[in-house]
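So this first bit is one chain, no partners, the form predicted on its own, shown in structure tokens.
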Amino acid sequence: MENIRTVTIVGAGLIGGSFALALRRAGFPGRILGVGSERTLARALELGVIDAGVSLEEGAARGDLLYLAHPISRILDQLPEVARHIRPGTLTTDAGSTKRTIVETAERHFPPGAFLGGHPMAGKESRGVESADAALFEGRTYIVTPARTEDMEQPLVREFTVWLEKIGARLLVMSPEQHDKVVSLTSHLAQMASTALGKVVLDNMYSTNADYSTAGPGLLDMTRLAMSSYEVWKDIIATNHDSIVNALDAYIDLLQKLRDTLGSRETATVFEDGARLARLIRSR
């Protein structure tokens, strides 16, 4: 039985807008409401991303599925209000990049099984509803982080995960704690490394009076993430600080060993192991 007939997108930007478009393309027949700024909602309506713009209170009261897609700090602020206005039997999920703090906060306000943490491993450097893309989740891992294993058996949760599969996502279930540790390595470390690389090259290029046209495709690839906004990343850092520090410590330790043994057999081993990881993630 189809229980999700109205979806409320709280934050109809890149991720929320893409989820709405992906649902439509996958055949979702119901109504999609949007919550956000007046400008964003007007643009989302113009682009056909949502059917109507509503307040957070109205969207929480009308939605069968609430999809929270604002930055982490906004999600944390919105959880208590959403919980006050939802109807019994409603499912709320989020798309925040860290999970432990969000799920712990939701557990204080929502009935058991009424909230499911989520993190689509998809995105773009550009933001806003204009960048929304119905194909954004295709072939991408979508992590869900239930507070309890049995939450995955809730009817609305099962229906939601069916829609995730219909939009082309690859479902992965893990605990909020495991999620934050894993993504500190697979996502957050990559951002910090890219940002630091950009800063090192920028500072040292000044001293050599070199021409930036000497930058090859390797530097272009490695600094793509450096274009990301700190306004987005400051919430991620604040809610996953310890795991990111641990990942950075491991990276710094290896860089120091690579520096000290440069050109030795140890260097060859680092190259071999790094290439092995690169092949593994490309063969998924």
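Everything numeric in this text was worked out from a predicted model, so none of it was measured. All residue numbers are counted from 1 along the displayed sequence.
Below: the form predicted in complex with a further copy of the same chain, not depicted.
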Inset, instruction - Work out which of 61, 226, 52, 47 lies within 4.5 Å of a further copy of the same chain in the predicted complex, going by heavy atoms. - result: 226
Inset, instruction - Could you work out which of 168, 198, 113, 71 is the residue within 4.5 angstroms of a further copy of the same chain in the predicted complex, going by heavy atoms? - result: 198
Inset, instruction - Please determine, with the chain shown alone, which of 190 to 198, 91 to 99, 150 to 158, 78 to 86 has non-hydrogen atoms within 4.5 Å of a further copy of the same chain in the predicted complex. - result: 190 to 198
Legend entry - Contact label in the predicted complex: residue 38 to a further copy of the same chain, heavy atom within 4.5 Å: no
Inset, instruction - Although a further copy of the same chain is absent from this view, report whether residue 204 comes within 4.5 Å of it in the predicted complex, heavy atoms only. - result: yes
Inset, instruction - Give a yes or no for residue 218: in the predicted complex, does one of its heavy atoms lie within 4.5 Å of a heavy atom belonging to a further copy of the same chain? - result: yes
Inset, instruction - Please run the contact check for residue 135 against a further copy of the same chain in the predicted complex: heavy atoms, 4.5 angstroms, yes or no? - result: no
Legend entry - Within 4.5 Å of a further copy of the same chain in the predicted complex: residues from 260 to 274 (heavy atom criterion): 262, 263, 264, 267, 268, 270, 271, 273, 274
